[in-house]
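A single chain, nothing else alongside it, follows as structure tokens in the form predicted alone.
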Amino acid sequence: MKKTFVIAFVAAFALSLAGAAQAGNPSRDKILSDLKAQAGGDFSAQRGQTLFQSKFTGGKEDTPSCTSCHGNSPQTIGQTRAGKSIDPMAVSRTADRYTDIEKVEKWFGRNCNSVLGRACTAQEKGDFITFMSQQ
């Protein structure tokens, strides 16, 4: 009886985890939904990739692109100018990326100003998160 209960419990738990994984991350989904409402359109992983890889002239000279600190691949560990490690940007490597609205706003605020010399738009944020969610 106990063994059957344990097996049933483990199976139910595993199914619930699988369902949660397929459903995406509710926090990230909410953030993207809110950004979509602000942007007024759909997001593009291709535009997000372009934003990640492009070089800009409006920001700081030592950070002309996201790749300046985050590396050429979202899968790899990045490094700040001060030498501190940055977890990979790819959701597949850092599962809790883009799930906390306060962190999302903090880091987009800091990094967009550093790279672009201005705040990112809701469209740019959504495109970027969409790209990173597919990595």
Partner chain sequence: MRAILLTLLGLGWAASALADGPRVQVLSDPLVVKECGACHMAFQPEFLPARSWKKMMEPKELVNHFGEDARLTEAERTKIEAYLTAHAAGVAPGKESAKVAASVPAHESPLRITETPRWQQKHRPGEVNPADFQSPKVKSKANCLACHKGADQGLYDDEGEGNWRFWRR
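Residue numbers count along the first chain shown, from 1. Since the structure is predicted, the reported quantities are computational estimates derived from the model, not experimental observations.
Here the subject shifts to the form predicted in complex with the partner chain, a form of this protein not shown in this document.
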Using heavy atoms only and a 4.5 Å cut-off, determine which of Gln79, Gln75, Ser27, Ser65 is in contact with the partner chain in the predicted bound form. Gln79
Contact flag, Lys55 vs the partner chain in the predicted bound form, heavy atom cut 4.5 Å: no
Thr121: heavy atom within 4.5 Å of the partner chain in the predicted bound form? no
Does Lys60 make contact with the partner chain in the predicted bound form, using a 4.5 Å heavy atom cut-off? yes
Test of understanding: in the predicted bound form, would Gly109 fall inside 4.5 Å of the partner chain by heavy atoms? yes
Which of 40 to 48, 88 to 96, 27 to 35, 101 to 109 sits within 4.5 Å of the partner chain in the predicted bound form, heavy atom basis: 101 to 109
Within 4.5 Å of the partner chain in the predicted bound form, which residues of 114 to 135 have a heavy atom? Give them in sequence order, or say none. Ser114
